[in-house]
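Considered here are two forms of the same protein chain, supplied as structure tokens in two stand-alone entries, structure 1 and structure 2.
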Structure 1
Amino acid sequence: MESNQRDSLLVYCSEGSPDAFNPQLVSSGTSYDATAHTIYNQLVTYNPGTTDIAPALAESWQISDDGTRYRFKLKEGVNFHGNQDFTPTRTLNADDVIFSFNRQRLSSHPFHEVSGGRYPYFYSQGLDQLILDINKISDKEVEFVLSRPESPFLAILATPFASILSAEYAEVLQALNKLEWLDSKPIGTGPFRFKRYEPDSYIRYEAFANYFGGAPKIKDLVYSITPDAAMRFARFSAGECDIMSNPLPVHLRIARQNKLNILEVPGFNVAYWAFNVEKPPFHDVKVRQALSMAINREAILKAVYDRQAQIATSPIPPSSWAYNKQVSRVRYNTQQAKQLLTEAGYENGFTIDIWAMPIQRTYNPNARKMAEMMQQDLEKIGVKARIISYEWGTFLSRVAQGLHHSVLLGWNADNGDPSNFLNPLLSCASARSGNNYAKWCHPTFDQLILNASQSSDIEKRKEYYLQAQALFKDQAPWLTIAHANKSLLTQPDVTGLVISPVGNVEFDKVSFDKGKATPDEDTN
């Protein structure tokens, strides 16, 4: 292959297959990476490398004095992609924004039930109750009407679920009676156009020459799906990947020893062990506290994370402005754990299940190993633990149904607001919609995070969040385990790649400094 052709192809070795090509339908980081910032755009975004809100499809916005109306002015001349079934006849307008949100919020919408009809992020954030209406002011102006003030609303609109789809494409698919193609043959406004997906093998994209933000510098982008981390690192070391996602701690150590390029930011994430409070004995707070004390997290940090993470005391990472420094860390104390179990009436112990996620994530590079270490710790207090796992899609589906006893999972924030941790993971709404895997619904906690969302005074918001974290700690629906750094490995000639603090990986500004070898198409 000629040098200029090699320079036009970028291979990203990713950790898994997307669950869908529409970020409205999913909540996994792998799916978001493959869609939200590649194929689509949102009304607002972040300045590169920060959590500062910036214009995206909206060039400006106004918020009413009472905080319940958000009016957005859309950019002119934003083009949609096309494919063999669809050639757009117009640029972005208010109809596309209204379609994208009404599809999620209105059960009567013709696309609401398509592709399963689940919108985990939309409902776990309580947006079905928050958004009263969306009005078309003109072709280029749209207004959201809220049921109450919601300070994080702009940050919420910067998250992947808020990607804007084409209403015109949807009309074409209705005429073809192929509504599900909206989610499997995606059309967006993003820097790359979807070309082909071979499940569990690769995704191919091509640069969108008419991208409103300027055509990407690379012409072709390949997600080479390589779930096995050791294989991913081997492929990166052999030069088959330009960028490797989610390197294990051991790979980072090797990379540092060999002076390879590491792109790293403090992770806006948390790994946790959630107790399903709807199932005994986890309905008893003393049991939850006892099991939390029984786990040696220092040992986990060393063995699982190679010390490239920090112990989590709160669901919110320390880099957040709402982090509660006063909440004390759960101390590893086997004797006190036994005492609490005795007080709860479980002096003879019991048997539980620990569901361990089957895949690697930044926040948890090896859930199986973590579960095995916890199993040994629990044995010391008379609790027997069975480790259970399923294929990733089945795993998520079953925990969302509440079939688990306890589960090791985690969260990469989608935006920089503290509500992004507490609302989708621990609110009563998220317990109903499935993202709250502890199924923990505490009215006082719920009111605190609601008060924080409704206030526009940041000091008041902070105080509410501090109280919420203290209550969470007392009630112990999770054992918080770690906050891990977000890392990528890149070849020396890759430039222009920026990881956002919330983990977004964006390729539209990426280029090569010089020619490089290109993996054969058949290897993808």
Structure 2
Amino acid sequence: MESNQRDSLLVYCSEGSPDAFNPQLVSSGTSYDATAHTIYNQLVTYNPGTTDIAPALAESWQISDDGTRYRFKLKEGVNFHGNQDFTPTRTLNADDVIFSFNRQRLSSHPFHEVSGGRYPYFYSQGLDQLILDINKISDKEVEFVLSRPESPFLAILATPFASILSAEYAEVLQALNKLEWLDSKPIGTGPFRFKRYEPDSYIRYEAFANYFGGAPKIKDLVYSITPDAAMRFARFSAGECDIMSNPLPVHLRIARQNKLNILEVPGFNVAYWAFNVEKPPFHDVKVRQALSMAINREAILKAVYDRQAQIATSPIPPSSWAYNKQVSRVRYNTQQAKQLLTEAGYENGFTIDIWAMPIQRTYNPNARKMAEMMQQDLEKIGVKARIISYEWGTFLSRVAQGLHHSVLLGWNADNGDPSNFLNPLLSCASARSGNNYAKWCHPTFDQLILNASQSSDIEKRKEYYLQAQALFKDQAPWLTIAHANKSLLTQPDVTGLVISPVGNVEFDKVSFDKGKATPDEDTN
């Protein structure tokens, strides 16, 4: 490879093929990675490496006093990409924003049914109910009207599904009668222009010279799709990729030994052990507390996560602004656990089921192993545990039906707002039909998180969340186990890469630093 070509081409070895080139249509992280921050932009985004909201396509915004109207002022001179069939004649305006949301929101919209007509994120967040209307105030101003105050709304708009598409391109496609090209030949405002996708092989992008945030330093970006983690690591080791996604704990250990570059942030996720409080003996809070105390999480962290995680004390990770530092960590204490069980009237112990998820996830690389370790710990306090597992789809549907006793699961946040953890996982509504697998419905807790969602004062919201976490800890519907790290491996000469806690990888500031160009050099 000649050095001048090498300097302008960045190869990212990714873990899978995207399901679509429009983040509105999908909900997988792999698809988001390949689209939302390369081809597209959203109205707002996060400050690099944090979960603080920052302007993106919107220059500024105003929220009405009652919290139901969000008015965004759009940036001037934001250019769209072009391709063989489309040359943009204008810059971004309010029509594009309205088009992007109305396509998902209105079943009468000409593009609503195109490419399957499913918008998983939009509907799962209940945005069809929340967004009443979107008004064009002027070419550069747009207003969202909500049915109720919803303070996480800004954070929701920073999520990939809220990417802004070109309304002008849609018009051209209507004239060509090729509506589905909107999703397969994407046009966005992002730092990279889509060039070619060879299914299951690679995605080729080229830098967008007229990007409003300044042209990227690299000219070509290739996502090399390599699903097998061992092969991905081999490609990285041979220098075929500049950046490797989703390394396994063993790769990180090798990388550390060989002083390779590891980019690591605490992940915005949580792994937990939920007790089904509708089933005895878990209806008794003392039992839940006793079982929580009986588990040696330090050992789990070492054996299951290879120390690429931290012990979770709250459902919300410590990097969140609403994290409650005062909540104390549950201490591993077999004696005290036994005593609590005796107090609850279970001195002779009992038998429970632990449902262990069958697949690997960032938040839990090996639930089966975790369950086996827990089985041994529980035996010490006289509790017998059976481990149960099904095929992933069956597992989730059975857990949703509440057929489980207790379950090992987890959650990856899509946006930086604490409500993204507490509402879907622990609210009363989600206990009835949702992801609240502890089936735990506590009226006070529910009121606290509802108050927090509807308040627009961040200090007040924080206060509600702090109280909610304390109450959660006291009631122990889950044992929170770990927040796993998100990591990437990079070659020594790659600089400027930022990985956000919610997992977005952004390449617009990436360049090659020739001073660090020899891989043999010790760069750490």
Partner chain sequence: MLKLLIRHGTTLLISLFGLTLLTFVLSQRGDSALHIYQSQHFMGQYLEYLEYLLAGDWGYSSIHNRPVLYDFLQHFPATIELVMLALLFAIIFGLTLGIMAANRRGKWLDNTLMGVTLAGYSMPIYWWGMLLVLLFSLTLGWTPVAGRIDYIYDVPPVTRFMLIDSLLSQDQYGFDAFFNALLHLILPAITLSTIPMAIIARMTRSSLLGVLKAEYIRTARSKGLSQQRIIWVHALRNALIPILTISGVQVSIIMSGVIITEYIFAWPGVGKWLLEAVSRRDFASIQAGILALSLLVIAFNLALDLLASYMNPRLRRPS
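Numbers follow structure 1, counted from its first residue as 1. By rigid core we mean the largest C-alpha set that fits within 1.5 Å across both forms. What you are looking at is a predicted structure, and each value in this text was computed from that prediction instead of being measured.
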**OP:** Choose the one of the two that is the form predicted together with its partner chain.
**Re:** 2
Subject >> Swing of the smaller rigid portion against the larger one between structure 1 and structure 2, to the nearest whole degree >> reply: 30
Subject >> Rigid-core-fitted C-alpha displacement of Tyr305 between structure 1 and structure 2 (angstrom) >> reply: 3.3
Original post:
Once the two forms are fitted on their rigid core, how many angstrom does the CA of Ala294 move between structure 1 and structure 2?
Top reply: 13.1
